[in-house]
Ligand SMILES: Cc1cc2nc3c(=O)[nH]c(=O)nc-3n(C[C@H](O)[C@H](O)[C@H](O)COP(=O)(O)OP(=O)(O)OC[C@H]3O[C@@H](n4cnc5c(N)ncnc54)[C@H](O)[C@@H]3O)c2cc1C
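Just the one chain here, laid out as structure tokens, in the form predicted alone.
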């Protein structure tokens, strides 16, 4: 194992350009487990938590920018997040233990790509984008387009997530919803997670975004369900049709935490609850 600590952000980009089999380390709550379990072997570890350009929460005219190495503790305690994104603020209150909250970073939670990642369904519902950078290029990628498979994404070897970008008005005048079902009320890995926002005018759904976790190889939006219910009055929604569409969009598995039938039916019930609110 080789440990590298870039002296500044430019040195980081140079290091990413010239280093193979590299892993970025900020909080280390995911990567350390994978190293200890032998999933990651003989890696080049690039430490990035000290680089100030990658941390912090900023407010611009239209957007909120969250640095990728910002800890969950800082996200939860941020007055900016509480002001603009109560969905995120409220939903993350029971995220992990205080120790993990202090260490784990929002960018690491995204880049690790776990199907059970707590923050990803919330960010999907808020239509977040990722600023992905390398030495020679910057690009914004909608989070909904970031993952390509289990723990796979669109980033090249010399790129990293630098910012999470959310429109200030992402949840303004929207009803919000988040439910995470686990073995306990807090400090638990999700068996099912559902996040959503919707705008209802005169009992008609004008706009909606639904996202789920722990039901596919990576958290994702439910575009077919969204399309079906948009423009409908609540009394016009055929929930058998919703279930049919949902069945085509999620592929729950059975594992040591739960079985696929349970996950599916819980997801159906949570979405029905949100649509009927």
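Bear in mind that the values here come from a model prediction, so they are computed numbers and not experimental data. Numbering follows the first chain given and starts at 1.
Heads up, the form predicted in complex with the ligand isn't pictured, but that's what we're talking about next.
For the candidate spot formed by 29, 108 and 118, every residue has a non-hydrogen atom within 4.5 angstroms of the ligand in the model of the complex. Contact annotation: the ligand lies within 4.5 Å of heavy atoms from the stretch 98-106 in the model of the complex, the single such stretch among 98-106, 134-142, 201-209, 165-173. Only one of 229, 222, 48, 64 lies close to the ligand in the model of the complex, with a heavy atom inside 4.5 Å, and it is 48. The partner is absent here, but in the model of the complex a heavy atom of 161, alone among 161, 75, 192, 87, sits within 4.5 Å of the ligand. The closest non-hydrogen atom of residue 80 lies beyond 4.5 Å of the ligand in the model of the complex. Contact between residue 264 and the ligand in the model of the complex is not found at the 4.5 Å heavy atom cutoff. Remark: residue 68 counts among the residues lining the ligand in the model of the complex, judged by a heavy atom distance of 4.5 Å or less. For residue 181, no non-hydrogen atom is located within 4.5 Å of the ligand in the model of the complex, even though that partner is not displayed.
Along 126-157, one residue reaches a heavy atom to within 4.5 Å of the ligand in the model of the complex: 155.
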